[in-house]
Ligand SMILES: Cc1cc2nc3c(=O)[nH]c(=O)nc-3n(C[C@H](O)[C@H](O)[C@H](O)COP(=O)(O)OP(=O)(O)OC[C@H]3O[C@@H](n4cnc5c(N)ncnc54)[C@H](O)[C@@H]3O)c2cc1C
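One chain comes next, on its own, written as C-alpha cells: the form predicted on its own.
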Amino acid sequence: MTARSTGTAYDYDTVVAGAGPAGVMAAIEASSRGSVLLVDASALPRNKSCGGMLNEYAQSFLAAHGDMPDRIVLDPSHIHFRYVDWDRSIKKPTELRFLNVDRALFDDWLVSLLPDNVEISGSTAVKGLQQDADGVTVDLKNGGKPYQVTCRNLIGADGARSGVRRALGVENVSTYVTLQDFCTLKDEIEPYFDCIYMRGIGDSYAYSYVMPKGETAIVGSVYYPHTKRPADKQNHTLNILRKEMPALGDSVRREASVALYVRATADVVPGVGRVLLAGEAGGFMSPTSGEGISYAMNTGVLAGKAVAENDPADAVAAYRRATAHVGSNISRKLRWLPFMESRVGKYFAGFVPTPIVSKVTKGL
C-alpha cells in the first residue's frame, strides 16, 4: 500500500488508528471535513475479545445509524445485570439492561457504516509518528512493509495497548488480564449478565461474569495486573461454577485480552499537539464496571467532531473541552473504587437493599 495524494500537502485530512467503536465513530464524524484513512493492526473483520453487551448509552449512539441487523443480536436479545456474591448465595438483579450482541459481527457492521471517503486498511499498525505545527507524519506497517502517510490530525483509537499513545511518549495505563471461555449449554441458564464475586480464588482475582450467548455462554474472569498463571485460575473458577451451574458444558474456545486498569485522573489523556486519543487509548472507560463501549462511542464521536469542526491546530483543545464531563465522570467513579474493591465493600454490598443496588449500578 502506498500513500496517495489528495491534491494538497497531505495524503489524508485525518488518519484514525483502530477500527473498533471509537475509531469507526471518529472516522464517520471526521469524514465531513475530508478524506480519512482508518487502519487497524488486526486483519479485518476484527475479532475483539469482549462480552458484547451494549448498555443504553451505547445504544443511543447507534440510533442515528438505523436498525441493527437481526443477525448481530443473540438470544436472549436483552439481559439485565445481576450482582452475585457467590460464597453467600446472594443475588441482586438490577434494572441495568443490555442488548446482547455478537461482538465480531457488531464490529463488522460498524465498519459497513463508513462513508465512501473513508479508506480502510487492515493488518496495518502504527509504528511511530512525528508532528509539528503543520501536521502529522504517521509511520505505518502493512504486511511487513513500512510506509508513511501525512495528515492534518491523527486520532488514536487503538485500544488499551495503544501504539499511538506510546508513540506520543505518554505512559500507557496498566491493564487487567481477562480470560473468557465460550462454553456449550446443556440447558438454558437464567437470562442475566451475572457479575460474580468469589473469595477463594486469591488476591489477584477481581471478578467473573457469566452471560448466555445463543447456544453458548461466555464465562469470563478478570485478574489484576501482573497475575501469574491466570489460565490455572480460570480453570479453577470454571470448575467451581460448573458444580452449581450444570448447564455449563465444555469450553469450545478461550480468548485472552486486556482491559484498562484506570486508577488516577492522570491516566486520562485526551491528546497532545495534533493527535487525539479516544476510547481506551485515551484512558476513557469505567474504572468501576469495566464498561468501555459507550465510552468508546462517545469519545470517538467527540474526537471526530473536534477534528471536523475546528482548525487542525485547535482540535485537541476543543476535544479536551468536549470530554471534560467524561473525565469528571471517571474521577467520580475513582473515588468509589477503593471501597468497592475492598473485602469490606464487597461484604457490605450483600446487605444493601436490591433497589438501591440497582440504582447505584446504573451509575457505574
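Note that residue numbering follows the sequence shown and begins at 1. Please read all numbers here as calculations on a predicted model, not as lab measurements.
FYI, the form predicted in complex with the ligand isn't displayed, but the following is about it.
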Going by a heavy atom distance of 4.5 Å, is residue 46 a contact of the ligand in the model of the complex?
-> yes
Would residue 90 count as touching the ligand in the model of the complex under a 4.5 Å heavy atom rule?
-> no
Using the partner position in the model of the complex, report whether residue 19 sits within 4.5 Å of the ligand, counting heavy atoms only.
-> yes
Would residue 34 count as touching the ligand in the model of the complex under a 4.5 Å heavy atom rule?
-> no
Which one of 174, 184, 142, 257 is close to the ligand in the model of the complex, taking close to mean a heavy atom within 4.5 Å?
-> 257
Listed residue that, although the ligand is not shown, lies within 4.5 Å of it in the model of the complex (heavy atoms), from 285, 219, 129, 275 | 285
In terms of non-hydrogen atoms within 4.5 angstroms, which of the given stretches 333 to 341, 314 to 322, 48 to 56, 65 to 73 touches the ligand in the model of the complex?
-> 48 to 56
Just give me the residues of 98 to 121, first to last, that have a heavy atom within 4.5 Å of the ligand in the model of the complex.
-> 103
